[in-house]
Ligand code: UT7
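First comes one chain, alone, set out as structure tokens in the form predicted on its own.
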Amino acid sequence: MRQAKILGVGMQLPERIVTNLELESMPELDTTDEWIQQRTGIEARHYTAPGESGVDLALPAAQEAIEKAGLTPDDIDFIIYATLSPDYFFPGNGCFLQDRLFGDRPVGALDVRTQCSGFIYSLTTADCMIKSGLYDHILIVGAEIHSTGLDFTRRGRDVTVIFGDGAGAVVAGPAPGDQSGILTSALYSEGKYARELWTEYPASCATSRLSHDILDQGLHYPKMNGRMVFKHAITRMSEVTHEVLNKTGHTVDDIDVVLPHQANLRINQMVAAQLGIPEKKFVNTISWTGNTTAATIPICMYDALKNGRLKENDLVLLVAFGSGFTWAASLIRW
């Protein structure tokens, strides 16, 4: 069975940078730079311009990933697009990206809705497709726009200060020669905790998907039980790391680089301590991107490559936890 490998990585962030000081200047939000940094490690994040879409971010990230892979759009067989913030209720963003990238050439497109774990779920799906021989080159995108759906009052402060906008993309394909690439993955969900981190409306299960009453109550904004998410994230990210290591006969000492989901710097620091992995092996971008959910890991990967922190033959851990609750990990030989 052939192995799948990440061949190219791309990234796109909106031009507008929103610092903690800018958020501090919003009296209704009632926050400070010190408060945000102490609790999250975030100093700034990026917000889209009016009218800028998730696909607008995904397109240049995808084009860069294809170019870095030494390919052209004609070489891409399939799209997997991970997002919790689609541009429209339907159809999925993958179809809009297909049109922007390929025009009249039909290409399959799958949208993945597993939030912060979405990129690893998508990469694992692509891995299986490539190993089976169904497709050769798959474009995997994680892209989010949070800024247009946040509550900029004290009611939504704990969530609003965390999130940013951005996109990351990779191209996966058959590993050349005897290279190993993606070694294994593990994916999980536990829906009994879904309401601890969710956006309740618009909801097709409700008689009215959206109403003035819903808007007045702010039920269309994301809600989070921060303490519960923090606790579960540390536990599950540590557990799933041990699982993928055990599957491949490796130990934590073998890991060269960790590309974790960027939800909260304190979570990643606690995971490092619990696993006994030096923090210097963790690549953290949250200080300047905030939490970009499905986009965080490919953005992190791009940053690690740019700064020489990812090298050939490195053993790389991808690990994430998020809404659902969902969590996942992949182990890669770079």
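Note that this is a predicted model, so its numbers are computed, not measured. When you see a residue number, it is the position in the sequence shown, counting from 1.
One more form of this protein exists, namely the form predicted together with this ligand; it is left out here, but the text below deals with it.
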property	result
Heavy atom within 4.5 Å of this ligand in the predicted complex - residue from D158, D111, E243, D136	D158
Heavy atom within 4.5 Å of this ligand in the predicted complex - residue from L197, I145, I79, V171	L197
All of L13, N20 and W288 within 4.5 Å of this ligand in the predicted complex, heavy atom check	no
Per-stretch contact check against this ligand in the predicted complex, the hit in 203-211, 124-132, 103-111, 150-158 (non-hydrogen atom, 4.5 angstroms)	150-158
Non-hydrogen atom contact S189 with this ligand in the predicted complex at 4.5 angstroms	no
Proximity of F230 to this ligand in the predicted complex, heavy atoms at 4.5 Å	yes
is_contact(T48, this ligand) in the predicted complex, heavy atom dist at most 4.5 Å	no
N284, heavy atom within 4.5 angstroms of this ligand in the predicted complex	no
Heavy atom within 4.5 Å of this ligand in the predicted complex - qualifying residues of 301-334	F321, G322
